[in-house]
Structure formats: C-alpha cells, structure tokens
Ligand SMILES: Nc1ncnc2c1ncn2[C@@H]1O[C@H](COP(=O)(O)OP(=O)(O)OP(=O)(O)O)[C@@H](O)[C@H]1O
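Below sits a lone chain in structure tokens, taken as the form predicted alone.
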Amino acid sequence: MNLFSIQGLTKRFDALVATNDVSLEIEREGILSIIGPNGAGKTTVFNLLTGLLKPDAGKILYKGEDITGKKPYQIIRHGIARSFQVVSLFEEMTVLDNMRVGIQRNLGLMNRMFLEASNKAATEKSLELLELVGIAPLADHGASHIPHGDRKVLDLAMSLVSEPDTLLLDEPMAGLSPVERLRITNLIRKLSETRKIILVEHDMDLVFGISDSILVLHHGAILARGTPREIAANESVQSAYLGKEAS
C-alpha cells in the first residue's frame, strides 16, 4: 500500500482552478519534490494534504484511511506534519522553550505548561530533537537572537514534536546562504532515513540533487512525474518550467 493515494483532487478559488483533477500515488519512502512555475498549485496541494484547505472535489487517502477535509490537528494525529516558508517562532522565548511548548502540547500538558516548565519528559524530548537537528548548544539562546539559518532549523525541529512519519517542507531553502543550504540539505537527507519527506522548493540544485522522485505541476495539473534524470530530460518540463516560464 502506498503512503498517499490522491484521487481527482480539485480546488478552486473563484474562477481560478488551483488544483485540477490531481490524481497521484505517493510511495512510503524517499524524498519527493514538487516543482512548477509560480501559481502551478504547489502550495495549494500542501495545504490540502495538511488540512489548511478543503478540496472542492476529490479524495485524499493516507495509509488507506480517508483524511479528506480533516482539520490540521486531526491530520497531525495521523502522522503528517509540515514546516512553513515563513518561520513562526515564540520570539520572546528561548530555543528550548519554543520546543517545550510544542512537546507539552503533544503530551497533553498545555493546561499546566507554565507550572511545569521544567517537566522532565518535555525537556528531555526537546533536547533530543534539538540534538537531532544540530542546534542543542543554542537551547538557552533567545529565539529572536539566533541567525536565520538556525531559525529555519528550529522551525523544522518544532515540526518533529508530533513524531511524524511524513514531513512536508515548504521552501526550506528560502533566504539561506550557500553554506546554510548545504546544512539544510544534509539535515533533510538525515531525516529522510526515518520518515517520508515531501518538499516544495525553487532551488533546482537541491531538487535534482536530493530527490528520489519529482512531481511537476503546471496550471494546477500534473505535467510530469519521474526521477530527476527523467524530469531533466522531459521536453514538456523544459518548455513549461525549466525554460522560458521558469521563475
């Protein structure tokens, strides 16, 4: 059984068809990148898969279970999490406390969060995840004072608090320097060893260097699907995205 079975997924915004009858099977392992020109429907697909939008038509099955139209908190319980292009942190808190908020919510401790700020389970899990992504030394630093690359890593770490088996990354390379991009690339590879990674990204060096498969969207529909080599050689993709219309 595949991880996702997406059947006839359609989403309209007035006259604009953001996703147009998208049908797709997504395997359980590896890194899938979704690319396409601006307005191709990439983020809309992410928002549909994670419950931020409800489709106008179609169905989304995850591990054989229908999750179509479920709310984000329900989607998370199925083992699906995401990060966003724009990092959103609790700026007044430390790196550790940012993690602890998410951990405590996941452990059902939110009603006692501030009374149990030193909760052992939440603290240990937070430090474990910070160690996993490589920023444990910044645990006591204020979130507003760490560099942009570390903020992106922290945001990614916070998406792991629910222990997802599928992680959707929305433009993880946005605003990063070449050194930071290499760091995030290595981290994505590491995370893909234990969970499915689906990413939307404009950095073609990353996409073609890291992906096991690539999905190309154009005008809300699937233009092509294949390995990086197959996509690079696809004339329709070259014309629609990698050529004159690329952005």
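All values derive from a computational prediction rather than experimental measurement. The first residue of the shown sequence is 1; numbering continues from there.
If you look for the form predicted together with this ligand, you will not find it shown, but the lines that follow are about it.
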{"property": "Single option in Thr185, Ser192, Thr43, Thr50 placed near this ligand in the predicted complex, where near means a heavy atom within 4.5 Å", "result": "Thr43"}
{"property": "Gln74, Gln85, Ser144, Ser177 - the one with a heavy atom within 4.5 Å of this ligand in the predicted complex", "result": "Gln85"}
{"property": "Interface segment, criterion being heavy atoms within 4.5 Å of this ligand in the predicted complex, picked from 57-65, 34-42, 203-211, 177-185", "result": "34-42"}
{"property": "4.5 Å heavy atom contact, Ile231 and this ligand in the predicted complex", "result": "no"}
{"property": "Residue contact check: Leu9 to this ligand in the predicted complex, 4.5 Å heavy atom", "result": "no"}
{"property": "4.5 angstroms heavy atom contact with this ligand in the predicted complex for Asp97", "result": "no"}
{"property": "Residue contact check: Glu171 to this ligand in the predicted complex, 4.5 Å heavy atom", "result": "yes"}
{"property": "Residues in 1-37 close to this ligand in the predicted complex, defined by a heavy atom within 4.5 Å, in order", "result": "Phe13, Leu16, Ala18, Pro37"}
